[in-house]
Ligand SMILES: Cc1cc2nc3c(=O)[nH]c(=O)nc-3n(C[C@H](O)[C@H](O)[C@H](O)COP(=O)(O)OP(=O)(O)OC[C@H]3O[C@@H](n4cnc5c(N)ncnc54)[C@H](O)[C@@H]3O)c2cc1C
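Below, in C-alpha cells: the form predicted on its own, a single chain.
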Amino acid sequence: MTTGSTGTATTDSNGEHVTEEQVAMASVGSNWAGNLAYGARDVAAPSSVDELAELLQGAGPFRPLGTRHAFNEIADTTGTLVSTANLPEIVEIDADRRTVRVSAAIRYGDLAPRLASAGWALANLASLPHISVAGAVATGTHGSGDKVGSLASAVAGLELIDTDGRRHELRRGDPDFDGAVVSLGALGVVTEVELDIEPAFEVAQTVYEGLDWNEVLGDLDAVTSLGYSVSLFTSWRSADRIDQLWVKHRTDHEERDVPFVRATRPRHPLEGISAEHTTEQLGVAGAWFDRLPHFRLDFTPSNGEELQSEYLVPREHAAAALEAVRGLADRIAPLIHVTEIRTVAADELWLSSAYGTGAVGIHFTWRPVQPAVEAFLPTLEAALEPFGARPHWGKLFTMPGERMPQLYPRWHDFAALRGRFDPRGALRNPFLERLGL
C-alpha cells in the first residue's frame, strides 16, 4: 500500500483505490492466530477510567479487547475495540484477605512472578501465561485439576464500567456477582479484578508416554487424580493410544504412584517438536508459575498456525463423551495437531462451563484449515450433544444459540443482567446475537 504526503492512502499493492475507512480498519489488525481480521473501525486505549467512561457513553458499538487470543468473533465489532492496556497498572496484595487486586489487562505471566516474590500464588494457571486476567476470566478459561476451578473461580471481586459510564463494583456474594464474572464482555469493560491467592508452593512436572485408551477410560478418575494438575494429549493417529500424560505434582502434597512409562527426555505436546520452550519436566521441582503453564512466557507457543475448539462435559459423562470422540478419530486426525484432556472443578458462575458440575475439557488444537474444521465441527458437536457439552467461549464452535438455555440453567438470568447493564445494546455484536443475547 502506498500513501501520499498527507498520510492518506490512495492505492493498495494492486493499484486499487483504498478509502480512509478501509485503511483504518486494516490498521486494527487481527487476532493472535491470524484467522480473524477484526472488522472494527478503530481501537481505543484510554489512559484513565474517567476517559474510558466518557468513551463508552458514545454511540458505539464497542467490544472489550484483551490479548487477542480468542479464535472466534467474541471480541470483534464494526465499531470500536476498547483496550485497557493503557490504564494504570495495579498489583495490590491484601495478605489478611488473601487476595490481590490487579488491573484488567495484566497478563498472568507478568503477575505471577510479582506474587511469588511476595510469597504468594494463584491456585492455577492456563496452558499459556500470555493471556490477560480480564479476558481469561470473561471467557471461562481454565487450567487443569480435579479440585481446582477455572481461572474465573478465583475472582473475589471486579470493577467494570458500563455503557452509560457508570462504575460497578461487585464482590463475591453480591446478587449479580455470579453472573458478572464470566460475562463474555457483554456487561461493560472490566477495569480491575480481585483474585484469591494462597501461600506460594512448588510443583514438579513429569511426562508419561504411550497410555492405552481402554485402560484410561476404564477408570478416568484414577488417571486425572494422579496429580494436582493433569493433562492427557493425543494426536488421534492411533485410536488405541494416548500419546502423553503430563502430571504436575505439588511438592507440599503427597505424591501418587503413576503406573505408566516415564518419559526420559523433555517433551513437547506435539510429536517431533522441540521441548525447549515448554516448562521444565523430568520431575524437577520449581515455582508454581514455572510449572503450571505448559509453555514459558518468553516464548510465543506458535506463530499462529493453529485454530482451537474446546467442549466441556459434566464429569459423570466424560468417559462416554471421550469414547464418542474416539469413534471419530479417523476424521479428526487429518485436521488436528493435538487434543488435550483436562479437568475443572465445579463452580457457581452462571456462564462457566463448569457451572454446577465438575467438568472434563476436550480441547482441539486444529491445523490452520478453517473451512475444513468448521465443516467438521457440527459432526463433532452432534457426537457430544447427548453429554451436555458446553463450548469454550473464546474458541471455534457452531452450536446454535437455542442450545444455550439447555446447557446453562441461568442463561435467561444472564440475558436479563445484560439488559440491565447495557440497555442500549452498545456492546452487542454478531457473536452475542448468534447466542440470542
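Given the structure is predicted, the values throughout are model-derived calculations rather than measurements. Residue numbers here begin at 1 and follow the sequence given.
From this point on, the text means the form predicted in complex with the named molecule, which you will not see here.
Although the partner is absent from the chain shown here, S127, T139 and V189 each have a heavy atom within 4.5 Å of the named molecule in the predicted complex.
Though the partner is left out of this view, A389 does not reach within 4.5 Å of the named molecule in the predicted complex, counting heavy atoms only. Not displayed here, the named molecule is kept clear of W120 by more than 4.5 Å at the level of heavy atoms in the predicted complex. Taking non-hydrogen atoms only, K395 approaches the named molecule to within 4.5 angstroms in the predicted complex. When the named molecule is considered in the predicted complex, D178 lies well away from it, no heavy atom lying within 4.5 Å. Note on the partner interface in the predicted complex: the residue among V207, I242, A134, V155 having a heavy atom within 4.5 angstroms of the named molecule is A134. Though the named molecule is absent from this view, in the predicted complex it lies within 4.5 Å of a heavy atom of just one residue from A75, A359, L351, I362, which is A75. Comment: 63-71 is the region of 368-376, 402-410, 41-49, 63-71 lying near the named molecule in the predicted complex, near meaning a non-hydrogen atom within 4.5 Å. Using a 4.5 Å cut-off on any heavy atom, the one residue of 86-117 that reaches the named molecule in the predicted complex is A104.
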